[in-house]
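One chain comes next, on its own, written out as structure tokens in the form predicted alone.
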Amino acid sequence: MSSLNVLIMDPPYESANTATVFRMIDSTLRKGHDVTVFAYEGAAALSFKPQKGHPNPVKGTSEEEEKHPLSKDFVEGLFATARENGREFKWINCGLCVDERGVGDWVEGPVRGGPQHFVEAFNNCDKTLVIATR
């Protein structure tokens, strides 16, 4: 069995990096590997519970019709995928980043940590993937 450590920095909806890393983590869990995510900078908002969908006035669709994907739902889905596949999945939000952004109300699963937790995960994994903002 192997493990992957992921550092992600992009906030929700700012780039394709976020959706791509969610797909990569999901695939990694389904293939039988453990994953630790360290959400740093804007990525600390990915698991923010109060996220809401919205209508699309340009298309004339309601919130229900639009079915806007929310990053918090993806995070919850990754925890479910880990459980279904008997894998260990950790999501660590950088506490300093959370405090700066006021995004401390999370879906179930994520925990608060600091840069030292990323270093610990780095030292205890087989591979590390850094998803930088640039």
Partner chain sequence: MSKYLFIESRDPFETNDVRDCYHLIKDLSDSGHDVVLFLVQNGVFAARKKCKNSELDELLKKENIHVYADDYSIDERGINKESVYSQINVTGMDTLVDFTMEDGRKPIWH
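Numbering follows the first chain given and starts at 1. In this text, all values refer to a predicted model and were calculated from it rather than measured experimentally.
In what follows, reference is made to the form predicted in complex with the partner chain, a form of this protein that is not presented.
The partner chain is not shown here, and in the predicted bound form it never comes within 4.5 Å of any heavy atom of residue 87. In the predicted bound form, residue 27 approaches the partner chain with a heavy atom inside 4.5 Å.
The partner chain in the predicted bound form is approached by residue 31, whose closest heavy atom lies within 4.5 angstroms of it. Looking at residue 20, you'd find a heavy atom of it within 4.5 angstroms of the partner chain in the predicted bound form. Figure note: of the listed segments 91-99, 31-39, 46-54, 64-72, the one touching the partner chain in the predicted bound form, with heavy atoms no more than 4.5 Å away, is 31-39.
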